[in-house]
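What follows is a single chain, given as structure tokens, in the form predicted on its own.
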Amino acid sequence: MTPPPRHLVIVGGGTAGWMAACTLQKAWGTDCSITLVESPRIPTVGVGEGSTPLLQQFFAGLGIAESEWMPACDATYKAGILFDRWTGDENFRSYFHPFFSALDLQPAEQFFTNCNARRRGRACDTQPDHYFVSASVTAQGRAPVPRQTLAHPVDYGYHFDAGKLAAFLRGFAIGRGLEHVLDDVIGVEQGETGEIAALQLAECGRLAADFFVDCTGFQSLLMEKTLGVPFVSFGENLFNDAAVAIATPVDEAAPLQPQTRSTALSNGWAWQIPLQSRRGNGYVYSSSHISAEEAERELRRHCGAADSVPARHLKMRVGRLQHHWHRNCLAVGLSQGFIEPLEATALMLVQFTVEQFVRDFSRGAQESYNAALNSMIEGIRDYIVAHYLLNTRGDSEYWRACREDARPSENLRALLCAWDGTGDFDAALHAQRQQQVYLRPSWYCILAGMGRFPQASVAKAGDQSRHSALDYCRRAATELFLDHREQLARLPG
């Protein structure tokens, strides 16, 4: 068993840096001295961000209750994602991608059955929103937190101010003894074997360590610029490479729905994220199809923001490093790669990257670690790519290119072929179980929600299975969950 490094330095703060710091501190705190270096000149940006349910486990592992961190981070609950106008067919105008729980087991089985029947040309109701409790929870403006203890937990995620979350985790880690250095890295020193030996800091001079964690964002200062680890672009799969973000006020009179809203626009898609005090809006787009100025104007029209409201423009580099743990360095967050935030997987990847690293470091399992992480990133990529391949919009060259020019992986091709045929789609999913990150409910929801069915098959308006499932979901939402704002009010401010 390999012991933890005696001194570890994290370069870069932000959500990724401070999540890594808290996780490593908890795992190795008594045996490893941890220092985090971040530049005092890089401002904190409070972009509204969403998570997957895995973030529940992160806070539970640190012993941090929702009542501690959520009020400090302007956070709300998240039951899933609404996808709106991703097709050109009004019969498939929108669908909800839920977080699946044990409450859904019975109605979801009817949904799967109906989907497979409709694949074979039968008339069935296959609208995902009718078969998952979290869709009804969202429609009713409730929080996905059960008001009583259930036999099985209910999965849910969060929306939060990313800048405030980083600040909260910084205070948590420093309060438990982590050394925090505000300084600029002006040089990186390598040893004779090529490993990183030390950093040169503008004010503090030389800082040596046994191991380094690169959280320097897209510049990937340690992994790419110093160690020369190659970057693998996903540019042939995903065309979006830029974003613009704008904050708008919350409508206090409207229900606070626990969902991220993803609306297709002319050359990309817009997010809408509800925080407690404001609403985060953004437009993820392809700069090859629309200019930054045009994208900003389109976003302002979409979210109703006046010209005086400031906008922030971002460039994105979509892809991953060839290796995430190389020599005595680990890349975390944007420095290791990026997949656009369509399914809010960024923090899930940060969490998995660091937690799996802690487990594999003691075994020296560097090769298998890198392989597992690459497989996970490519599994996420495939699910994201599926959104674009399945679109049926014809209103711009962008959407046609996403459908016809993007190059899906062999795994994704195989799944789409299996769905389009009349065979056993579940068998195709099972055959790829080692490569897929998204499970059975997610694949059925996206394929059914986007209308990937024979044209001859139609939804059956009087389908008894739909009414039975929807009644169950609505009743469960009403009986088991509180109003979203009421649930948030129970958290101390």
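All of these numbers come straight from a predicted model, not from anything done at the bench. A residue's number is simply how far along the shown sequence it sits, counting from 1.
Not on display, but discussed next: the form predicted together with a small molecule.
The stretch in contact with the small molecule in the model of the complex, judged by heavy atoms within 4.5 Å, is 311-319, chosen from 126-134, 189-197, 311-319, 248-256. Scanning Ile384, Ala401, Ala305, Leu334 against the small molecule in the model of the complex with a 4.5 Å heavy atom cut-off leaves one residue, Leu334. In terms of contact with the small molecule in the model of the complex, the residue from Phe83, Tyr388, Phe99, Trp271 that brings a heavy atom within 4.5 Å is Trp271. Each of Val11, Ile42 and Glu49 is positioned with at least one heavy atom within 4.5 Å of the small molecule in the model of the complex. The small molecule is not drawn, but in the model of the complex it has a heavy atom within 4.5 Å of Ala16. In the model of the complex, the small molecule stays beyond 4.5 Å of every heavy atom belonging to Glu367. The small molecule in the model of the complex comes within 4.5 Å of a heavy atom belonging to Gln219. Remark: Gly280 does not count among the residues lining the small molecule in the model of the complex, judged by a heavy atom distance of 4.5 Å or less.
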